[in-house]
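Here's a solo chain for you in structure tokens, the form predicted alone.
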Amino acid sequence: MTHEEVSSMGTAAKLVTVTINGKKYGADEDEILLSVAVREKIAIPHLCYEASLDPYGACRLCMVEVVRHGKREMVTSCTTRVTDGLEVVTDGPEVVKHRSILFELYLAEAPKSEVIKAMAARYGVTKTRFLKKIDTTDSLGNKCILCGLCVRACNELMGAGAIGFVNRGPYTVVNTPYFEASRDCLGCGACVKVCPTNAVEMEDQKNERIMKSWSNTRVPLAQCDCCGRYYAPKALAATILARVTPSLKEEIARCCPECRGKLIAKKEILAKTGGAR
């Protein structure tokens, strides 16, 4: 199915034409330029873009050149909205120069990140002239680039506010307030999911989820009444169940999603067969 066909199925968005590296593509007016490139499989490196959050151009890796009214300028493709006739160059000399310097900086900032090393190598950057001493006490394993995605996910998506930026300048890090175990952490793992460099770590041990990167915060896990498996953070499970409408019956509310599905399916089968097995 073409992009035009998909667009026609939803709201009546105005279709425009954008030229990227000399080739024309269709897009919805005001669509994010980076999302167009991702859809069309045009390589633009990026780290801080997350579809579930408003883009804010923190990593600057997605810089491209655009031509508007005959004027050429450098912009972040994750914060630029497409307009009809927009011309884009993703690999011009200035873009390549800018991107290479950034990769060198990130190699120094996150020297233990295999993600950064692999991405930089794809764009011809394998070493950095910038040096930073490896911190053996860093709870993020010297993999963090301070993009802020984990902080934003915790605040904007989950509403927990369990982590934030600590200190200032070159000493800035991400962690819990006062580097103490957080009582606000839901143990949802959203921070782990959105981290582009695999810096955030968590581990389930028996009846607890340990947020290793966040001062070893321990979050109790809910146990399934049916199979006995620990399946989700207890507080998070309770919050989700409280929002379910209509509410689940008591006999399945305390079961894991897998067992819950089996019980519901079994009841439906028995109802259709008149109770016969």
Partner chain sequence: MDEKTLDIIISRYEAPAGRLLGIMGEIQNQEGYIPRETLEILSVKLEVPLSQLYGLATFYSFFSLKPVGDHVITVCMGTACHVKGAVKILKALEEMLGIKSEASEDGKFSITTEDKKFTLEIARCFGACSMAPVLRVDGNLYGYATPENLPGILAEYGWERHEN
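From a predicted model like this one, the values you see are computed outputs, not experimental measurements. Residue numbers count along the first chain shown, from 1.
Just so it is clear, the following notes concern the form predicted in complex with the partner chain, a form of the same protein that is not shown.
Chemist: Can you tell me which of 73 to 81, 123 to 131, 190 to 198, 163 to 171 lies within 4.5 Å of the partner chain in the model of the complex, counting heavy atoms only?
Modeler: Answer to the contact question: 163 to 171.
Chemist: Which of these residues, Glu180, Asp204, Asp91, Asp138, gets a heavy atom within 4.5 Å of the partner chain in the model of the complex?
Modeler: Contact residue from the list: Glu180.
Chemist: Using the partner position in the model of the complex, report whether Asn155 sits within 4.5 Å of the partner chain, counting heavy atoms only.
Modeler: The answer is yes: Asn155 has a heavy atom within 4.5 Å of the partner chain.
Chemist: Using a 4.5 Å cut-off on heavy atoms, which residues of 252 to 267 contact the partner chain in the model of the complex?
Modeler: Sequence-ordered list is empty.
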